[in-house]
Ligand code: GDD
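First comes one chain, alone, set out as structure tokens in the form predicted on its own.
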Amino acid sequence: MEAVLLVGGQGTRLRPLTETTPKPMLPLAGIPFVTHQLVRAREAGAGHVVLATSYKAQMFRDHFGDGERLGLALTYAVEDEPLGTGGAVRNAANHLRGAGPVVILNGDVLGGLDLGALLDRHRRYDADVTLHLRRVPDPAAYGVVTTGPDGAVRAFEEKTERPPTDQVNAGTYVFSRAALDEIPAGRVVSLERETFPALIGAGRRVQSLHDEAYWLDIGTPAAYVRGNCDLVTGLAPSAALHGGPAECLVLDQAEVGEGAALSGGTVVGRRARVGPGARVHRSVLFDDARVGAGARLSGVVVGRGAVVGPGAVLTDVMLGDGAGAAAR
């Protein structure tokens, strides 16, 4: 089994963090987010993964190389210009090595979906495409999917104001090689607005698997913090992590001062320092960050080398790399 991982987005909602680092390379529980996805693909049986990259593409290659450290073979499909979700998948298809089904993973999603079950569903129905679906409180923000009793997809509507169902596209798919190769090459294509509706309209075999395992789109600051904390506290699953649930994760060479309290799944990056008496709850401190004595943080991201001054009180804010925040 092979996989394609879509990691070409710019992550504009996570600026200023993504001004220097692609969103999939931002740390989640101390390792790049994409590492969690790569290990998940490996555990499901993938031996070869193609990373569909665009924004700051070289950073992926510099960090992961050929994938040997993760027990994978990695290939990089670089888009000179963004091609959309479908165009990125089609561009990546040029680097695939086999003729079997291909799992498509979305670089925004932290999840616990059983990829083996999705593959089994795809094979059982000899499908052209199989979609992972789930129910959400606000389906208007997603692609909504109408299905029949056997899971066959009858309609796909991307971000409609009056969704006919609360069942949405969760961003993980299995494609047959034939269906993948039918996506037009060399131009912008949207899977959600073009490929899926066209396949359904043509009567092709589009199947689905409804699964309510842990699922989170990490694209907003609040969701990014939640993803980190859920991994540390054990709410989110990841085979890339070792050790049990905890209130905090303190990485190598970090220093936590006397009387400081870390809670809620807080992550303290490498060489970061938390001053005496500080209180840090459900927050993420990047490598080399500094939090002064007596500071109070909740829901805060402190970028690489950023400094929070002594006594500062911060809630639900994000400091970019090298930024500073003083006491109010």
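All residue numbers are counted from 1 along the displayed sequence. Keep in mind that this is a model prediction, so the values were computed, not measured.
Quick note: we don't show the form predicted together with the named molecule, though the next part is all about it.
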In the model of the complex, does residue 143 come within 4.5 Å of the named molecule, counting heavy atoms only? yes
Taking 4.5 angstroms as the cut-off for heavy atoms, does residue 82 touch the named molecule in the model of the complex? yes
How about residue 266: is it within 4.5 Å of the named molecule in the model of the complex, going by heavy atoms? no
Distance check, residue 166 to the named molecule in the model of the complex, heavy atom within 4.5 Å: no
Thinking of the named molecule in the model of the complex, which stretch from 151-159, 231-239, 249-257, 117-125 has heavy atoms inside 4.5 Å of it? 151-159
Which residue, 174, 206, 170, 225, has a heavy atom that falls within 4.5 Å of the named molecule in the model of the complex? 170
Can you work out which of 52, 280, 289, 28 has a heavy atom no more than 4.5 Å from the named molecule in the model of the complex? 52
May I ask whether 8, 107 and 192 all come within 4.5 angstroms of the named molecule in the model of the complex, judged by heavy atoms? yes
